[in-house]
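As a starting point, one isolated chain is supplied in C-alpha cells, in the form predicted on its own.
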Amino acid sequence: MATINDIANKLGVSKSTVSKGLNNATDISDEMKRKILETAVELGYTNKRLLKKEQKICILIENMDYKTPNQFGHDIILGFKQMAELEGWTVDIVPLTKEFQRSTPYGVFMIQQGYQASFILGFSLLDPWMQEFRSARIPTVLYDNYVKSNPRIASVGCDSQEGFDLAVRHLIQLGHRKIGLISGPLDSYILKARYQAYLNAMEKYGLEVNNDYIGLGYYIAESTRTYLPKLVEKGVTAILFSHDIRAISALTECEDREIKVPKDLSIIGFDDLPMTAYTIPPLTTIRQDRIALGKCGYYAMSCLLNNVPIGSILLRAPLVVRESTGPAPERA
C-alpha cells in the first residue's frame, strides 16, 4: 500500500505538504491539492486517518429510485445493507450526476471521503467514471456493468442469456415463431447484453433473426407507439421487452389499438417489478431477485476487500409465467 512518503517522493515535495493536501488544509494551493490527490489515486493510497475514524463504504447511485419501498434501487440497497451493516460497516448512499463525475475524479472522491470500497448502481456506458474504473485501485462493484482486466473491479447482475432462453422457449411451446424485441438504445452494458441474449436465443432455437422485428428507442412511450404496430404489421406474434416498464407501456398501447393480449400478441418483460402481478393482464416476465442482488453486491465487495479478484456473479433469471402470454394466433 502506498504511503505519504511515496507521494512526496513522486511529486518532489515534503511529507507535510502531502499531508496538508490529503487533509484539505487551507495553506496550500488548490493546484497542489489536486496534484497530491491525483498522485494518491495513481499510487493506490488509502487515507488511514479517515479509516481509523469509521469503517465506511458507499453505494453510488444514478438514474434509479432508491427511496421508495419495493422499487428496484431501494430493494438492492436493502439487501446490501442487510449484510454490510451486520459486519460493522457504515454504508453511505450517495446520489450522483454526470456533471459531478466530470468535475471530480472517482479516486479523488473516494480518498477525500474515506471510503474503502463502493457499489455502483444505475450507471450507463456514457458515465465519465466508467472510463476511470478500467484502472481504479479501489475495490469497486458494478451492478449491470462490466470492466475487463481490472482485478479491483467486480460485477453482479442476473443471467440475461438464461432469462431470454427461457422466454423464447416458452413462446415456442405456445406456437410462436416470429418473436420481436423492443429495447432502449444500446448505450448501456445491460441493454447490449439483453440485445445479444435475444439474438443468441433466436439463433439457438432456429428462429428468424430479422431487423424488422427489432425496435430500439430512448423514450419509452414514443418508441412503443412507433415500433409495436410496425412489428405487428410484420407478422410478429410475441415481443420481448428489455424492461418491465416498456412491457407495461406496450400493454397500454395494445389496449388503445384494440390489440388483445395475449390473443393477438404475447408480451414478456424483464425484472418482475411488484406492479407486474397487477397489470391487465398480469405480465409474464423474467425475474430479478433485487434483495439477492444487493447481497451479492456486498459479497463481491467483501471478496475484493480481502484481495480475492472475483470477476462477476450472475444470479439465475427465472421466467414468471402470467397471463400476458398465450398460444400464437392463427395468422402465425
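Owing to the predicted nature of the structure, the values given are computational and were not obtained by experimental measurement. Heads up: residue numbers just count along the shown sequence, starting at 1.
The form predicted in complex with a further copy of the same chain is left out here; the points below concern that form.
- In terms of contact with a further copy of the same chain in the model of the complex, the residue from Q173, S103, N211, S149 that brings a heavy atom within 4.5 Å is S149.
- Note on contacts: among V108, V91, L166, I138, the single residue with a heavy atom within 4.5 Å of a further copy of the same chain in the model of the complex is L166.
- Segments offered: 117-125, 187-195, 256-264, 200-208. Contacting a further copy of the same chain in the model of the complex at heavy atom distances within 4.5 Å is 200-208.
- By the criterion of a heavy atom within 4.5 Å, K15 is excluded from the residues contacting a further copy of the same chain in the model of the complex.
- Taking the partner from the other structure, a further copy of the same chain in the model of the complex has no heavy atom within 4.5 Å of any heavy atom of C58.
- Not displayed here, a further copy of the same chain is kept clear of L181 by more than 4.5 Å at the level of heavy atoms in the model of the complex.
- When contacts are judged by a 4.5 Å heavy atom cut-off, D272 does not count as touching a further copy of the same chain in the model of the complex.
- Residues of 296-313 that come within 4.5 Å of a further copy of the same chain in the model of the complex, judged by any heavy atom, are C296, Y299, S302, C303, N306, V308, P309, I310, G311, S312, I313 in sequence order.
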